[in-house]
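Heads up, the chain below is alone and in the form predicted on its own; it's given as structure tokens.
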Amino acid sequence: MALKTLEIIKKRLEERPKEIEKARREGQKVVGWQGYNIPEEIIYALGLIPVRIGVGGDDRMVEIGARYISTKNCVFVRETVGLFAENNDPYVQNTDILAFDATCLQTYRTAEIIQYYFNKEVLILGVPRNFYWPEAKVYFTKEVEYFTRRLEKQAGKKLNYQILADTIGLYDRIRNAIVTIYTYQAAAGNYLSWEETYDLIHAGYYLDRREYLSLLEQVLAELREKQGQPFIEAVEGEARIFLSGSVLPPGDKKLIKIIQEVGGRIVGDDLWSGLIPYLDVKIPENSLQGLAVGYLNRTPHGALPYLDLDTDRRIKRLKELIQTFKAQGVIYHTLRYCDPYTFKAKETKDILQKEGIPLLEIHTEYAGSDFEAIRTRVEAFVEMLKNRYDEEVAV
């Protein structure tokens, strides 16, 4: 039985576009943003409405986007451009300013295309290529400061640092709630699935953040009442799967449905549209520099280059999460022309193989033509995981 709060969230998401339209009529501005390193706290603290844009899974929209941007760009990028070309998405319609970061260079290219063809005002947040360098801290701090000044012009006021401190506290509570909810969905006897948890994260892209925190706390209260304290363990007959790789945005459910249909259970992820942005965010002080440092110290995005695998924080966090969620295998999902994640597939597989963790790479796009081929491969992988579990128990 679904949690009652999930039904409330579904209803609020249906109502949210009209609320945003009303807020704009009353003078508030909406910042549509996309990326991994946008410090959303600044947008919210300035009284602007942050909305994370971008959906997936619609091949028709991909084709529309391809009229404006090369087909050698990933389908998520092309669909994002298609959303602006068609201009039917209520969140795209109700954005006054767009903010993109340059973490993924294809996302940066998307910003240029949208600005050129659709006359949107676009702010770009520069991102260092290597977060480990001391110079990266200086560069990113200056970028965050410049980004803030441009947002201040849009808001018509200066950033109030007491409000910023309150907002940082709000976002910290949201992050902590999401991390705790992930523990519940991965536990035995769970009342919440990974897919429901993933949808819960995506609800936060659109809802007012204070209301969103309240709803997350209601979800946690329901889980504690029904489930007690979560205990994560492998259960007989389960194939516990961890998802990694390219973005799985709202609307892109093909791989998720296939895994469920063939008897797999997703228990965790390190996707930048999932759990990973909410982990390891420790903001040392309530300032722009504090925000910059806090974001730099998170697990770096997979699109950023890093050659020393022994000290790669992305790989280290991946192994920790697999262990935490008691995953038996990894499905590494790459979108066609998502080059950074595709290039890192083999190195990730080789590293996990040394740990005895099997990895299946799935390379796909939003068309349905590869559905059966993916299903066949995932089904074989799930059966292999179940057989391995049975063999380990027998020993």
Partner chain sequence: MSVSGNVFRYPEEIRDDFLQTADIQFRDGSKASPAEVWHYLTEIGPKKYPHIYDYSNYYGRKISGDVTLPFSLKHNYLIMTMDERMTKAKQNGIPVVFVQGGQSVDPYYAAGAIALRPASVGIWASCQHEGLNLNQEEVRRANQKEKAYRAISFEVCQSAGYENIQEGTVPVDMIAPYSCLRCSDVSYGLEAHRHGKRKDVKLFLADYPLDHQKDKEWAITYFAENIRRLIESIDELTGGKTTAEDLRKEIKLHNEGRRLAMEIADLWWSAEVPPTNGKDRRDLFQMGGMELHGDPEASLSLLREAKGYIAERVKKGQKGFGVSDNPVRIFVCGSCVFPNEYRIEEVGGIVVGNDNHWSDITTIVEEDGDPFYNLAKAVLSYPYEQSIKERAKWTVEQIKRSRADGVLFLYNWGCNTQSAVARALVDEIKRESGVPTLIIEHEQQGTQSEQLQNRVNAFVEMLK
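None of the values given here were measured: they were computed from a predicted structure. Residue numbers count along the first chain shown, from 1.
This next part talks about the form predicted in complex with its partner chain, which is not shown.
Glu112 is the sole member of Glu86, Glu112, Glu211, Glu320 with a non-hydrogen atom lying within 4.5 angstroms of its partner chain in the predicted complex. Of the residues Pro305, Pro90, Pro284, Gly156, just one reaches its partner chain in the predicted complex with a heavy atom at 4.5 Å or closer; this is Pro305. Taking the partner from the other structure, its partner chain in the predicted complex has no heavy atom within 4.5 Å of any heavy atom of Gln28.
Contact check for Asp312: a heavy atom falls within 4.5 Å of its partner chain in the predicted complex. Taking the partner from elsewhere, Lys344 is found to have a heavy atom lying within 4.5 Å of its partner chain in the predicted complex. Taking the partner from elsewhere, Arg129 is found to have a heavy atom lying within 4.5 Å of its partner chain in the predicted complex. When contacts are defined as a non-hydrogen atom within 4.5 Å, all of Tyr68, Ile124 and Tyr146 contact its partner chain in the predicted complex.
Segments offered: 45-53, 335-343, 31-39, 322-330. Contacting its partner chain in the predicted complex at heavy atom distances within 4.5 Å is 335-343. Contacts between stretch 246-280 and its partner chain, counted in the predicted complex as any heavy atom lying within 4.5 Å, involve no residue at all.
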